[in-house]
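One chain comes next, on its own, written out as structure tokens in the form predicted alone.
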């Protein structure tokens, strides 16, 4: 029975799992939920995930949710194409990256994207600009690392890359909103500000199967 992944278009958390499935070349059945139709709040879905959130992965009779937990499950269950390394040292370093991204990237990115996507920027301009500066500091760190290797942890893609990547297109899409112009977020042109990070982004987007992970509603 194929892995089933329940996800929502534009969810950075779900995007991580889709990228992991493609990177590991695992067959899966895509279950795209429509938030506008409350499909993530149906009794059937709430039986799998009582929090009513995505992503949720079903593998046979086993169900797991929370994106990082899903990545860890996939790596233990299907160890080919390891995303968390093959040694204790690699695993420690990659998990360190993941923890830092959750601690220092996730919050600031959310404080930028939510007001811009929701149209509720008024009164939050300073909050957004402060968050943008925090993200610039993190981007600078990753750009410097990528000057010396194709992926964040060496010669092959890892969970470090998969957890970080969805933040970038989501952030840049928000920064392209007309309401963001007055904020001078200074992300564009991205290749001028972050040459190595831009090259890395292109490498992720060149992965086989990447198109299947792209948020459908962004194509409209």
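Because the structure is predicted, anything quoted here is derived from the model rather than measured. Residue numbers count along the first chain shown, from 1.
This protein has a second form, the form predicted in complex with a small molecule, left out of what is shown; the following refers to that one.
Between the small molecule and the residues 31, 153, 40, 58, the one pair within 4.5 Å by heavy atoms in the model of the complex involves 40. The small molecule in the model of the complex is not approached by residue 168, whose heavy atoms all lie more than 4.5 angstroms from it. The closest heavy atom approach of residue 11 to the small molecule in the model of the complex falls within 4.5 Å. A residue is said to contact a partner when one of its heavy atoms sits within 4.5 Å of a partner heavy atom; residue 67 meets this definition for the small molecule in the model of the complex. Taking non-hydrogen atoms only, residue 185 never approaches the small molecule to within 4.5 angstroms in the model of the complex.
Partner contacts here mean any heavy atom within 4.5 Å of the small molecule in the model of the complex, and among 168-176, 185-193, 22-30, 49-57 they occur only in 49-57.
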